[in-house]
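Coming up is one lone chain in structure tokens, specifically the form predicted on its own.
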């Protein structure tokens, strides 16, 4: 079986982070997180582990909610969602995300879709994985211009959820809750430490020689290129076609 493409590597990296998750929700316009959740589900089925439920907002076949986002928020509040994904126009080293716009609000010259329920889900879902395929200092900033959802909270604030990891096209960062900062966990193949540091607007701790994120095994690639891609095509036909041609 041929080696993994960069996007296949990303999907498998995200899927590895979902270990132990039984119920996963994926927001709209999130093909790589959706593919990772489906791969995690397929791995569980093959290995005989308990079944995994996935809800992809906006999907017809892959959404067990019948009342849209209201049910998602209710389920999160009840502790029935194990993992969720968030992105952001800006993400800083403390796990704060900005979904509103750049520069002082409300006179932001560049506007994004808005916060919606991101802060609530960030507080309630135990494992929130931040994902941005692009990795540059405009996105990964020292301090966000507007906090849509905070990465940390005061000790007296009840918060079962929060950032677990940040995955980009160049690297994997784990979030250290005690330090309230991201720490480099691994570099994706073809990327080196100095290039990642130059492309990251915030400082981060790292090993003297950071490891490389593990390559997908043959079984994962077989699942991804077969049943996962076929299932993904219902929600993201264009992305599934790109995976096929990769």
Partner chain sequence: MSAAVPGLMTPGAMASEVHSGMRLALPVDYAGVPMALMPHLVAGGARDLDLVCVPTGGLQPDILIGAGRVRSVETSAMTLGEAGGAPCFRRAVAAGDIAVRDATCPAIHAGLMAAQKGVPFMAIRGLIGSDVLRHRPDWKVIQNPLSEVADPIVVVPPIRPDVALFHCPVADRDGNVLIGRRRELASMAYASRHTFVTVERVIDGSLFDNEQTAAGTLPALYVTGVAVAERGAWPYGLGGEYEADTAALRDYAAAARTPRGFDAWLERFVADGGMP
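Numbering follows the first chain given and starts at 1. In this text the structure is predicted, and so the values were computed from the model without any measurement.
Although not depicted, the form predicted in complex with its partner chain is the subject of the following passage.
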For its partner chain in the predicted bound form, the stretch among 165-173, 79-87, 104-112, 127-135 with residues bearing a heavy atom within 4.5 Å is 104-112
Only one of 70, 195, 207, 212 comes within 4.5 Å of its partner chain in the predicted bound form by heavy atoms, so just point that one out. 70
Give a yes or no for residue 161: in the predicted bound form, does one of its heavy atoms lie within 4.5 Å of a heavy atom belonging to its partner chain? no
With a cut-off of 4.5 Å between heavy atoms, is residue 94 one of the residues that contacts its partner chain in the predicted bound form? no
Is the gap between residue 47 and its partner chain in the predicted bound form 4.5 Å or less for some heavy atom pair? no
Residue 118: touches its partner chain in the predicted bound form, heavy atom cutoff 4.5 angstroms: yes
